[in-house]
Structures are given as C-alpha cells and as structure tokens.
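One chain comes next, on its own, written as structure tokens: the form predicted on its own.
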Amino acid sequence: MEPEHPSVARVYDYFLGGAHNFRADREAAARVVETWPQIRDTTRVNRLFLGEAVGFLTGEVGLRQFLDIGSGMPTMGNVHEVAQRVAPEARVAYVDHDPVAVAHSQILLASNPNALAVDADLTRPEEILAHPEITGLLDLSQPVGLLLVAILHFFPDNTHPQRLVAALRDALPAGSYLVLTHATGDGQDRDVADAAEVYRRTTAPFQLRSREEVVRFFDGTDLIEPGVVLLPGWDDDRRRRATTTETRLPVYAGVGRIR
C-alpha cells in the first residue's frame, strides 16, 4: 500500500531521478518544481558535492569511517560507494528517520559488511551516538566524517539545530570532520523563498538560512578552504580552478575539521 503523505527523503530521491518514490512524493515534487524549476539541478549538484567531500576525506585526509545523518534513499553516489572505491575497508553508518528509506538502504547494504542503515532521529543525537549497531561498526573514539548534507534546513529555529549539531560535534574526537550543506535565499530570486514555502506545506518544515547562520554550524571546527561557499564550486575553489559566480545555486556547502 502506497503512503498517503510525501516524505522528504523520497521527494529528494525523485529529484535525483531515483525510483524509490510514490505518487504522493511525485505530486509534492511537481508543486515545488512549478515554483522553482532549478530544484532538480540543485539536488544533483548537492549530491555531487557529497561525493567530492567524501572523496577528499577518504583520499587526502585518510578517514576510514563516516556517519551520514539524514542519508535519505539509496541512490547513485552513496557515501559507501565513494569511500570504498578509495578504501574498501571504509565503514559507513547511514541514519534516517524515514522507515521506507531505511528499509531500502538495508536491502541495498545487506551484502556489505562495512555499511549499515539505522532508523534514528537527528532530534535525539544522544541516541544516534549510543546506537548499538552504529557503535558496533564505528569506533567513535577515532576520527569520523560527520555528514549533515541537505538536512538542517528541515529544522526550523525552534528545534534548536545549532544545539543538535554541537551535541554531535562535541561527542567526536579532534580530527573528525563536519560536512554540511544548507539551502539559502542569499542573492536569489523570489522563487527560492516561494519554493521553501511550498516545501513547508507539502513535505516538512523548511527554513532558508544566510551564510552567517550556516557558518555558525561550523563553530568548533577549522574550515577547509574555500570555506562556506555556494554550490557548485567547492572542489573547484579548493583546487583553485576557475569558477563563475553567475552559475552558483542556492545551497551553501562546507567542510570543517573538528578541533
């Protein structure tokens, strides 16, 4: 039986061209697209950044374990695919509170001993950090890549997302990394704000934040160059390749090393 209500994870999967979505998700997605046609490009570029960041942390930094919170539906370019391509021994724990997303992920990962998916909620970070499956796979006394990609804009201020991020960050050892993306209205046309309102009505709470607000999520870390920037361009800017600001999308991205 199909779900009656749309899910953030399944709508995101639809925007990425995935197959793990239902009529309610596609209808909600269509309403967002009507307001903001760029949304498909934005979600795909966001996914590309996730791959860039994980590739950087696995290849150049040498991290071998990742905690991906708000991981969504299994689709191309998953964290374990990117990380294990560089280091087959890399371990990845996926966390989401959508039971359909978790169930599909568990099927996908059934034959992978170094990756798992659990049903848990970012609003209860202490439960994530103490989850027996996660602590059985990851050694949280050693550096971890904490991934909060395209999730925090679903947490309005009254849910205290700064505290949630701080609780996770403070529980991880120095040398861990925070990878984060967040939707913004900075320098954007009205359609981005209108699309955020459609999201609020159809899927979940949605709050755009300024660059200054996004940078605060990186308190307690040392930002990796180029810092918090609009996508695409993080990897280009990091490698000092030419970029054009005119093509930037309304998503801030950054990577910080936890002190």
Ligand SMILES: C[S@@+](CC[C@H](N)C(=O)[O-])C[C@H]1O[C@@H](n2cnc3c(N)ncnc32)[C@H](O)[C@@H]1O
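Note that this is a predicted model, so its numbers are computed, not measured. Start at 1 and count along the sequence shown; that's the residue number.
Although not depicted, the form predicted together with the ligand is the subject of the following passage.
**Student:** Please identify, from 90-98, 136-144, 172-180, 107-115, the stretch that has a heavy atom within 4.5 Å of the ligand in the model of the complex.
**Tutor:** Result for this chain: 90-98.
**Student:** Is there a heavy atom of Asn158 lying 4.5 Å or less from a heavy atom of the ligand in the model of the complex?
**Tutor:** Close contact is absent here: in the model of the complex, Asn158 is far from the ligand, nothing within 4.5 Å, heavy atoms only.
**Student:** Answer yes if any heavy atom of Leu122 is within 4.5 Å of a heavy atom of the ligand in the model of the complex; otherwise answer no.
**Tutor:** Close contact exists here: in the model of the complex, Leu122 approaches the ligand to within 4.5 Å, heavy atoms only.
**Student:** If you check in the model of the complex, is Asn46 within 4.5 Å of the ligand, heavy atoms only?
**Tutor:** Looking in the model of the complex, residue contacts with the ligand include Asn46, since a heavy atom lies within 4.5 Å.
**Student:** Does Ile258 reach the ligand in the model of the complex if we count a contact as any heavy atom within 4.5 Å?
**Tutor:** Output for Ile258 is no: heavy atoms all beyond 4.5 Å of the ligand.
**Student:** Hey, which residues along 142-156 are within 4.5 angstroms of the ligand in the model of the complex, non-hydrogen atoms only?
**Tutor:** Contacting residues: Val149, Ala150, Ile151, Phe154, Phe155.
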